[in-house]
Each structure stands twice: as C-alpha cells, then as structure tokens.
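Only one chain comes next, encoded as structure tokens, the form predicted alone.
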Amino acid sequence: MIYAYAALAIVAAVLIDRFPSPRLRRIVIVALAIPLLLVPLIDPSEATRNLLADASIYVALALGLNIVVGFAGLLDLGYAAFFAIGAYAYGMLASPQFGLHIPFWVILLLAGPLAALFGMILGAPTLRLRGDYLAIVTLGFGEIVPQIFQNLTAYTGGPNGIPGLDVPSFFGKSFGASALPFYYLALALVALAIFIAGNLRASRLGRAWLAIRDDELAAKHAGIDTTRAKLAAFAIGASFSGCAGVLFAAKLGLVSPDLFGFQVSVLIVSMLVLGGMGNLSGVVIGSLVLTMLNSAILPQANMLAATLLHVHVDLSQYHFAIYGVILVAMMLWRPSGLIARRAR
C-alpha cells in the first residue's frame, strides 16, 4: 500500500505541473487532495503512518531549500542547521529540561521567525560569496550548529539530547503515540509551503531571485537589490525548516545532535537535484522518491536478498553510495532533474 500512496502523490505532482491554467490546477489539486487525506485511514498500520509523516516533513524541508537553491541559486549545504534549531527550540521549551511546557502550537508559530532570524545571520556574512565559497561557508555553519548543541550539555543534554518532550494536543485531545495527527499536520505544512513558494515565485521578489540565479551581476546592474533578495531567500527558506524541525521533534519525542548532521543536508540537496531544482512538482517527486528509497525500498530489498539469494547485506548502510550513483546519473543524463523548471 505504501507504494500506492507514493505513486498517488507523484501523479498529483506531475498532473499539477502539466496544467498551465491556474483554474485547472485548482481542480486537480482538489480532486487529488481527498485521496491523500483518506489513504492513512485505509491502511491503519502505524509503520505506514510513520513513513507518510516523515515523508511529508522531508517534502516541507525540500520546499524550503528550493527557495534558496532553486529560486535564488544560492548553494546551501548547511540547511540541516535550521532543522536542528527548530527541533531544539521545541526540545528546550516543551520538556522538563527547563520546566517550561509551552504549548506546541505556540512554538510552531515562533519557530518560523526564529529560524528566519538565524537564516539572516547566516546570510549576512555570505552576501559577497558565490559558488563554491558560499557552499563552504554554509557547510561550516551546518557543522557548527549541531556541535554547539552537543557541547552545551547543561542546556541541551549534550550527546544524549533531550528526551521526554511534551506530546502535542488539539483542543484538549492529545495526539498520543499515533503518527496520524502528525501526518495531517505535516500535510498541511506542505500545502502551506507550496502555496507560499508558488506565490513567491510569481512575485516581484521571486523574479529578483530568478534574475540573481541566472546572472547576479546583470541583476545588480538592472537595479535589483541583491543583498535584500539574498537575505530574504535565506530567511524564508530557513523558516520552513524551523517549522519542520518542531514537527519532527514533537513526533519523535526527543532531540539529539546526531539527527541533524551533514547527511541530512546532503539528502535534501539530493532531493532537489533528483526532482528538478526550481520546480515545485519536481521537488515533491524527488523528496518522495528518496524517502521511499531510504525507508521502504532498501529494507525490503534486504529481505528479498536474504530470501532469494541467501545474501545477508544491509543495503541501508550504503544509502549514501546509492544517492551518489543517482546524482551522477542525473548529472550525466538529465541534469535538469526529473521535471525541469519551465523557462520564463
């Protein structure tokens, strides 16, 4: 059933991208939103619901990074840092760590502006950097933030993290141990991210991002305030990651620095490259494909190899090698991704 869910979401993304008319797109979205809401109820398996919730969270992360990389053309290799900032914000404010039990919904609303602030802090010293130099600085930022959380033992629990986070509730009804409420909340976050990113792309700021991505020097000479546009890209992209971090921490019930390492940033960048940078439908498809590959396909491939070939190998330990092969293949045969962005 999980493959049917993924196929349904991929078909939805492809169909939405194929209709140039906004009215037809709205009709397709409404027609396909109902099955996405019902599929977790058809299959009550908790493992399936967990996978769907995680996949939706990663889609939201990829949509946020797409603003920075796909729209503005700023290569950010430290995107997981904002994911960690949102998660630790919930960990410190909604747990016995400081005796603060701030409601989940309040922290979810505050996580976006908080992550956006750190996004501007990251963006400020990188305004004059381009290409590889920008990637190196963002990579350093992505490595520094988890190390800070790991070393501030008195505040963050150090390597052990912060366990026992508060379980969210809605009008007095607790989410409990089920992943179903988190799936619907993550789905709402994805819908909001798509709505915001789509409108931003068509706005004056979005056109400024596209101009900077194509030729920053020409954009500057055309009168575009590149400094303001870059800071806005870092801030808005980081805000999506912060909200996703809060949702991820609340679902998991704990935060730990090893959950937000460099491999998370590599995974999200791989989603963009696979699906197609700058294209919202492509980003959704790339996120779903890699999430299903990592969480569903590879574990089942292990069982098939042990059953049919009598070979006991854990393919999940080689998932980064598989990502590398996918990225190399995409760069050779389809550098624009599965769904290329439309030329304007």
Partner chain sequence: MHEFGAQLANGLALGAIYALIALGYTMVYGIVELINFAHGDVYTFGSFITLVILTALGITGEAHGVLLVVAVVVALLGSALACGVLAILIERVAYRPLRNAPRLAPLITAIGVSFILENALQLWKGPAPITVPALIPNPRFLGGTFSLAQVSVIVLAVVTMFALQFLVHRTRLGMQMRAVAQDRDAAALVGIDANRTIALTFLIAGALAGIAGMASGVYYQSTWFLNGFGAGLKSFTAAVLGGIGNIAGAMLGGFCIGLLEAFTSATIGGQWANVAVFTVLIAVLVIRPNGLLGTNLPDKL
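Positions refer to the first chain, counted from 1. It should be emphasised that the depicted structure is a prediction, and the values quoted were computed from it without experimental measurement.
The same protein also has a form predicted together with the partner chain, omitted here; what follows describes it.
Self-check item: Contact label in the predicted bound form: P113 to the partner chain, heavy atom within 4.5 Å
Solution: No, P113 stays farther than 4.5 Å from the partner chain in the predicted bound form.
Practice problem: Mark R130 yes when one of its heavy atoms lies within 4.5 Å of a heavy atom of the partner chain in the predicted bound form, and no otherwise. | Solution: Output for R130 is yes: heavy atoms within 4.5 Å of the partner chain.
Quiz item: Using 4.5 Å between non-hydrogen atoms, is P125 touching the partner chain in the predicted bound form?
Solution: Because a heavy atom of P125 falls inside 4.5 Å of the partner chain in the predicted bound form, the answer is yes.
Exercise. Spell out, yes or no, whether the shortest heavy atom distance between L117 and the partner chain in the predicted bound form is within 4.5 Å.
Key: The answer is no: L117 has no heavy atom within 4.5 Å of the partner chain.
Practice problem: Let me know the one among A89, L75, I236, L210 whose heavy atoms come within 4.5 Å of the partner chain in the predicted bound form, would you? | Solution: Answer to the contact question: L75.
Practice problem: Could you spot which one of L205, L93, L231, V273 gets a heavy atom to within 4.5 Å of the partner chain in the predicted bound form? | Solution: For this set of options, the contacting one is V273.
Quiz item: Does each of L100, L108 and S169 have at least one heavy atom within 4.5 Å of the partner chain in the predicted bound form?
Solution: Answer is no for this spot.
Quiz item: Within 189-206, which residues have a heavy atom closer than or equal to 4.5 Å from the partner chain in the predicted bound form?
Solution: Residues within 4.5 Å: none in this stretch.
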